[in-house]
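Shown next as structure tokens: one chain only, the form predicted alone.
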């Protein structure tokens, strides 16, 4: 692994870790996980085989990222964020569940965090959700359905509470238009887009 820093206490069984990535104390990455370049993965994070992490991703301490979770480029995951990958979990060792768990297609539900999104500390992401581009999930939120691009969501269950810019600043719309950091945003029918 080229120019990758792995703390002596980390366990990294994956072979697909991009250059410039740093894996800190007690990180555990299972075989089959993919991690992009220039990521920073904090203490006690767990990344299961079959998870995919993009480039320039920040994963703070104590995250749990399971098989079927895809994190795109430039995402921020706050401390203690938790993902799930099974909507109806049972112990695969339970005799009545063995058949179900013999094929991943029977239980594995993919989750996607799109480019530039941020997930706050302690948020829980239920399997099957897509977190939109540059969306912001508030600390402690319970995300049980997909989140639109640029949305600020919070609560249990998480609901849209506003809109944010690429830089994460609140957007204040007037007649469906807002400006932040030199970008113009349009809000129409619950969808925010950048005006070209």
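Residue numbers count along the first chain shown, from 1. Every value quoted in this text rests on a predicted model; they were computed, and no experiment measured them.
One more form of this protein should be noted, the form predicted together with another copy of the chain, which is absent from this view; the next part is about it.
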**Prompt:** Taking 109, 159 and 192 together, does each of them reach another copy of the chain in the predicted bound form with some heavy atom inside 4.5 Å?
**Reply:** no
**Answer option from 10, 180, 187, 14, heavy atom within 4.5 Å of another copy of the chain in the predicted bound form** = 10
**Item:** residue 170: touches another copy of the chain in the predicted bound form, heavy atom cutoff 4.5 angstroms
**Value:** yes
**Asked** Is there a heavy atom of residue 90 no more than 4.5 Å from a heavy atom of another copy of the chain in the predicted bound form?
**Response** yes
**Asked** Contact between residue 61 and another copy of the chain in the predicted bound form at 4.5 Å, heavy atoms?
**Response** yes
**Prompt:** Looking at the partner-bound form in the predicted bound form, is residue 34 within 4.5 Å of another copy of the chain by any heavy atom?
**Reply:** no
**Message:** Only counting heavy atoms and a 4.5 Å limit, does any residue of 110-131 reach another copy of the chain in the predicted bound form, and if so which ones?
**Reply:** 116, 117, 118, 121, 122, 124, 126
